[in-house]
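Here's a solo chain for you in structure tokens, the form predicted on its own.
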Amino acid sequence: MKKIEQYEAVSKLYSRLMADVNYESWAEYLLAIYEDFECTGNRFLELAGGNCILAGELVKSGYDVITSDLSLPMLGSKECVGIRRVCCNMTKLPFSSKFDFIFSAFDSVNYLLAESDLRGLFNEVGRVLSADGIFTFDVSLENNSLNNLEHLNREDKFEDLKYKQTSVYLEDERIHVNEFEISIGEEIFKEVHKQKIYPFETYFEIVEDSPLYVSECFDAFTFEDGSPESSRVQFVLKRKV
């Protein structure tokens, strides 16, 4: 199977798996954070934006959004048409101008498998974040991995595609592995995703050595305090004076 055909199959699968995501509500939550912190500018930057759907919701609200992703094919999806986008690594941002609101969603930060990558992310965001801007991102914690393994081991078929997802949490390494076996006709290939499930405290420790500081940490999709027992948390970071 050609690479482009594999990408199209993966894109179709992810669209199916994310079909229940309410992007409008997610955008409203991010905007509530933005408004609560009284940012004065409206230049937005999304990191690991993927299919651009979340960025599209913010553009509809009138904000100036650039979305970025490491995957050029993802940024070429039909949902990205009309969205300003840049292919880049979130740990090595190619920007010199400042942004007022930087965000990353869908536990994309968990894909940074080494603490050095987290440091790179926070240093780069600190470099391009405006003086009174904020950086917000969500991360998956250990309880999310432990509580969802049964749900994530599944198989299904739709249209001409079949898939089997195998999900394993390697507790000693704190690595969550999702492997997809995808079949189209006689063709079969695999897609493997690895995420690092850092301890809650690690984020605070690494941020402390960056140009940023943790202003708030919420239990995701709420404004209640997050904790090590949360399944997912939403960090809000600001620049140090």
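All residue numbers are counted from 1 along the displayed sequence. All values reported here derive from a predicted model rather than from experimental measurement.
Just so it is clear, the following notes concern the form predicted together with a small molecule, a form of the same protein that is not shown.
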query: All of Y14, M90 and A105 with a heavy atom within 4.5 Å of the small molecule in the predicted bound form; finding: yes
query: The small molecule contact in the predicted bound form: I197, any heavy atom under 4.5 Å; finding: no
query: Any non-hydrogen atom of L129 within 4.5 angstroms of the small molecule in the predicted bound form; finding: no
query: 4.5 Å heavy atom contact, A48 to the small molecule in the predicted bound form; finding: yes
query: 4.5 Å heavy atom contact, V214 and the small molecule in the predicted bound form; finding: no
query: Interface residue in the predicted bound form among L70, L31, I188, V177, criterion: non-hydrogen atom within 4.5 angstroms of the small molecule; finding: L70
query: I83, L161, L118, M74 - the one with a heavy atom within 4.5 Å of the small molecule in the predicted bound form; finding: M74
query: Location of the small molecule contact in the predicted bound form, chosen stretch of 106-114, 129-137, 166-174, 153-161 [non-hydrogen atom, 4.5 Å]; finding: 106-114
